[in-house]
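Consider the single chain below, provided in structure tokens and representing the form predicted on its own.
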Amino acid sequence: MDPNALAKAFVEHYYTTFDTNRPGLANLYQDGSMLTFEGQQFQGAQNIAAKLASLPFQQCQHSITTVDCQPSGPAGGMLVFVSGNLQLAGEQHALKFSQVSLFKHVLRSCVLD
């Protein structure tokens, strides 16, 4: 599959899940995965899911503006940069956001690292 198509499909799945079923994001991470959010680090699927669930808003809608990806490492990983807008429930103006993710191949599938 084309890396750009794979990245775009994953990004669509990730942010749809974030917006509708945030605890479901835990399945996309492994025990060795790391999330750095505003200077704090969270390692492991459960710790990352707990951090995302603790964000001070429950309802939101992501609107993706860009998805850029490039190969990373000899094992076929990908580095993906996403930017867009985040509309919070009850707020008039959307917030800008960006996220960088590193994907690695694990037994014929991709996971966030």
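From 1 onward, residues are counted along the sequence shown. Model, not experiment: these values are computed from the prediction.
Form predicted in complex with another copy of the chain: not shown, discussed below.
- in the predicted complex, does each residue in the set L35, Q41 and L79 place a non-hydrogen atom within 4.5 angstroms of another copy of the chain? Answer is yes for this spot.
- Message: Exactly one residue in A49, C69, L28, L88 has a non-hydrogen atom within 4.5 Å of another copy of the chain in the predicted complex; which is it?
- Response: Residue within 4.5 Å of the partner: C69.
- Message: Considering non-hydrogen atoms and a 4.5 Å limit, does another copy of the chain approach S98 in the predicted complex?
- Response: Contact with another copy of the chain, yes.
- Query: Is L102 one of the residues lying within 4.5 Å of another copy of the chain in the predicted complex, judged by heavy atom distances?
  - Reply: Yes - in the predicted complex, heavy atoms of L102 and another copy of the chain come within 4.5 Å of each other.
- Query: Quick one: which residues from 2 to 33 get a non-hydrogen atom within 4.5 Å of another copy of the chain in the predicted complex?
  - Reply: Heavy-atom contacts within 4.5 Å come from no residue here.
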